Structure formats: C-alpha cells, structure tokens
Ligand SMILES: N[C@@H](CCC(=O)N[C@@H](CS)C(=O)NCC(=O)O)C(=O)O
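The chain below stands alone and is given in structure tokens; this is the form predicted on its own.
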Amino acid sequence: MSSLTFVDVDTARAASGPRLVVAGGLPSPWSEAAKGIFHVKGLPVLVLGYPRVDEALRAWTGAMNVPVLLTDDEPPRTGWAEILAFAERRGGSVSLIPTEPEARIRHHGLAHELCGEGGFGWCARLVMIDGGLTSGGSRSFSVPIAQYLAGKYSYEPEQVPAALARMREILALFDGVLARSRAAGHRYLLGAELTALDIYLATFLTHALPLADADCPQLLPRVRPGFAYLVEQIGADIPPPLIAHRKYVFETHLPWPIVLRAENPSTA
C-alpha cells in the first residue's frame, strides 16, 4: 500500500503535516522523484497535483514552481536535495542516502547531474521549448506553452545543441556508473541497495522514453506532444541498460501506472 494520499486543493490547504504539491498535468521528473522517495520510504504524505502554476499557487506555497513540500510552520522546500534531506530525517522503512561521507558526496554529485540546473531535466526542458518555438507549435509544445517556459527558464536557441550534447554526456556517465556496479555484482547504481539516485534516474528518463496512455492516464493531451518530441531528439541515445534499470526500479519500487492528481480535484 502506498503512503501517498492524493487530495484536492481544499483538503491540502486545511491539513497539517507533510503536504507535497506536485505537477498535476504531466509527470515532471522533479515531482515524480519526490513522490517516489516518500513512497519507497513509506512516509505518509498528502499529495496535491496542482492543475497549474499561477499566482494562487505562489500565494499559498510561497513558491512559483513545483514540487513544493509544506510542513506546518517550516519554510517551504522546493529543491530536490532539500526534499530528500527532509524525508531522510523523517526515517521511514529504508534509508536512501549513503551513510559513508565519500559515497554520500558521490551520490549527491551524480544526482545533481540529473536534477540540478544545467542537468538532464533542465536540458530536456530547453529541447522541448525549442521544438515548440521553431516549429510554430506543430511539434512539441504549443507556442503559448513554449513561450511561457522560454521566458521562465531563459531559453535561447543557441543553447539547444549544447543541451543535447550535455544530455548524451550524462547518459554515458550513468551508463558507466551502472556498468561498474553490475561488474561488482550489484543490482543498483551505487551498490547492493536502492538509493535516491536510482529513483532520480528512473523518473528523469520517463519523459525521454515512449509513454503510453496506460502508463500515465492523467497526462494532459496538450503536453503529450512535448514528450514525444523529446523522445525523437534523444530517445535513441539512451543506453539499453539504463532503460532496463528504469523498468526494474518502477516494477520493483515505484507506483505504476503514474498517478498525477486526485480523480475529482477541487477547483478552488
């Protein structure tokens, strides 16, 4: 049984304790990783798939992006490392961060390659924005969505070749990490035990691989072309061992299919 309880806006606003506000229309890798961490650790959390990023979200959460972790009177947490650190301090059924200092540094450094500014997810977003703007909205995101994201994330057309090269570099890096771990007889990226890094890799590969309707039934139709465009640009470059590892992590540890929001969310 999952520790994630999906709720509507009114319920989340009225509640206390950990509440995780996530993307409600698409499987944003940052949001899905945060959900996955709470699920694997078995930590109860209320999850609100917010329908849109707007001024109402800013006023309530104090942030303009998701995910946002709200906990009583504590400041909102929006960064991947902050959310992971909170969950790890809460305990749960397993630890997802290596305890040995050098291993922990390696774990967080590799996670930054996926989650951080200029990392895999950041570059993927630039590629999808570019697809929408350069095609007049006939491929990838529609022009209004692409223009909104372009302004928010400082998109420039000349960034895209470097972004694709960076994504391929990160894929090669993780392919090597996994290969060395497997050669040592281990199942996961950093050894015999699952870490948050395995969750990050699995969730950040989601939007670069084909995603069937049944895999994410609540994915908004207007954003699906952006995912398909990214698959066209980078999908063939994803090493098969990483695809297989993602499949194993989802089948063994993460909820499936991907749920984005409560079935009948409040519009308040």
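Since we're looking at a predicted model, the values are computed, not measured. Numbering starts at 1 and follows the sequence shown.
There is also a form predicted in complex with the ligand; it is not shown, and the following applies to it.
- The candidate stretches are 191-199, 72-80, 166-174, 96-104, and the one lying within 4.5 Å of the ligand in the predicted bound form by heavy atoms is 72-80.
- Annotated contacts: 139, 209 and 230 are all free of the ligand in the predicted bound form [non-hydrogen atom within 4.5 angstroms].
- Although the partner is absent from this view, residue 108 stays clear of the ligand in the predicted bound form, with no non-hydrogen atom inside 4.5 angstroms.
- Using a 4.5 Å cutoff between non-hydrogen atoms, residue 43 does not count as a contact of the ligand in the predicted bound form.
- Mapping the unseen interface onto this chain, residue 61 falls outside it, with no heavy atom inside 4.5 Å of the ligand in the predicted bound form.
- Contact annotation for residue 226: none of its heavy atoms lies within 4.5 Å of the ligand in the predicted bound form.
- Scanning 143, 179, 149, 85 against the ligand in the predicted bound form with a 4.5 Å heavy atom cut-off leaves one residue, 149.
- With contact defined as any non-hydrogen atom lying within 4.5 angstroms of the ligand in the predicted bound form, 125 is the only contacting residue in 116-146.
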